[in-house]
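Given next, in structure tokens, is a single chain: the form predicted on its own.
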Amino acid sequence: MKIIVEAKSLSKEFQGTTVLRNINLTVEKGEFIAVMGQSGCGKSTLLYNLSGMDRPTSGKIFFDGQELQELPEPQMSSIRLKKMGFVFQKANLLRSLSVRDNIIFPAYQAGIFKREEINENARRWMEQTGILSSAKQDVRKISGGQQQRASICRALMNRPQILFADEPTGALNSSATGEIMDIFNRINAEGTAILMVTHDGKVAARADRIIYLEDGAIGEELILGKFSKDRREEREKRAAAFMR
């Protein structure tokens, strides 16, 4: 299987404190990985380093065969825009734009697709995520779950190889959380790799494997395989036991 992201002996220090310690990790095409651990263990820092939003103190990170820290920032920004997608706990939508315009904005920035393709891609993703009827609405007037769906659509507009998600359901209720994770599983089934940071065992149970960080190092891994609804309860029990 093709490796999309690879970390080799990745370490990160911040103000004299070691946040990540000798991380070795690969993310393959179509893989769904959840990263868990106690608060302050380095989960988000790992995501930021793997995606090139931050640079490691030592070690190497490769994206699609390219060593990221060797690239100048303009080229790194272009890779993040065109080949990666990002979803965070807060949707971070632009208040001055409608739902649809928030979604299409990065696609126009990237310049990969023609206007007709961008519009059709936006329509398709909004339809698949159930927010097509809200396309022209003010983003301030839709629910948190709808805002998160819009941020997912935005992240997928340039057809990224990998989606990075940092606590994507942290601000949602249980119903909206389940709906968002259904979308993630559907996206992953279509071939997009996902690396997701979460503190929620039920959310992590949707991934192919769970990585547990302890004091900035990979402590344990749990292999779950591809998600299926008929095995949801079993997966959640295994994830809960793994967390203990």
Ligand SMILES: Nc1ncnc2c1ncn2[C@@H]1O[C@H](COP(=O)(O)OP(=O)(O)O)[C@@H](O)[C@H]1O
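Position 1 is the first residue in the sequence shown; the rest follow in order. Quick caveat, the model's predicted, so the values are computed rather than measured.
Just so you know, the form predicted together with this ligand exists too; it's not on screen, but the next bit is about it.
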Open item on the list: Quick check on this chain: which one of G40, G219, G191, G65 has a heavy atom within 4.5 Å of this ligand in the predicted complex?
Closed with: G40
- [ ] Choose from 40 to 48, 26 to 34, 202 to 210, 174 to 182 the stretch whose residues reach within 4.5 Å of this ligand in the predicted complex, heavy atoms counted.
- [x] 40 to 48
Open item on the list: Can you tell me whether V19 touches this ligand? I mean in the predicted complex, with a 4.5 angstroms heavy atom cut-off.
Closed with: yes
TODO: Heavy atoms within 4.5 Å of this ligand in the predicted complex is the criterion; list the residues of 11 to 31 that meet it.
DONE: F14, Q15, V19
